[in-house]
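Quick setup: one chain, the form predicted alone, written in structure tokens, and binding and motion questions come after.
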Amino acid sequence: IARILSAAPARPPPSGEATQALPSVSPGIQRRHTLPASEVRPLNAQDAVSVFEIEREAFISVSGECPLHLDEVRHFLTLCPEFSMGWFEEGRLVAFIIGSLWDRDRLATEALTLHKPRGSNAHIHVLAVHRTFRQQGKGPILMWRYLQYLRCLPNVRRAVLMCEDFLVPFYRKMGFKVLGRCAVTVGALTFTEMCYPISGHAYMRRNSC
């Protein structure tokens, strides 16, 4: 299975365009009486079923399996919701990212299910877009917003992910660097490990990921 699935590869928009395309990240609690036309916010456990429905359709249609099962989605959205992000249109989830913290330089099998609160690597488990909203650039835009959001979290120094080889160009266009072959395998599938340095930290200006 691919650990990451999104809209077709596209160059992320310049910051000005992204700002116009999306509102700022809003608080985790939705407005009670009106549904905003477009909203980006951290996810919570109540969003787990909607997340899993999008993920299941996206990944099973490609590989036959999901990166995260429903109980694992609930696990991360309960334990570390601040490392997730969902894009909603009129109250409907249309795209999402689920992440957690990892405390080693390279990913290991345990990173697929664990959240390490003292870690400094934001491990991006899944990026997925609802089938109705694919081919619209929502995947790159949401990832761009997520990476900007990580800059606000003081202990995060980089974002890391593992993906199938055909997605490497997609993430390179967004600034991710290839670290090499990932130690994690799923069945017969192998992955490329990539990272993105989170600017705003003094030592990151001295050291690359």
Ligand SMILES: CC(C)(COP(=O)(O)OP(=O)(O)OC[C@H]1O[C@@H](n2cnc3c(N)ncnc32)[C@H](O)[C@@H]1OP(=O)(O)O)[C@@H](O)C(=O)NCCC(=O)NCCS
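All residue numbers refer to positions in the sequence shown, first residue = 1. These numbers were taken from a predicted model, which means no experiment stands behind them.
A second form of this protein, the form predicted in complex with the named molecule, is not displayed here; the remarks below concern that form.
Residues placing heavy atoms within 4.5 Å of the named molecule in the predicted bound form fall in a single listed stretch, namely 132-140, out of 115-123, 100-108, 74-82, 132-140. Using a 4.5 angstroms threshold between heavy atoms, F176 stays clear of the named molecule in the predicted bound form.
At least one heavy atom of L167 is located within 4.5 Å of the named molecule in the predicted bound form. Proximity of A58 to the named molecule in the predicted bound form: non-hydrogen atoms within 4.5 Å are present.
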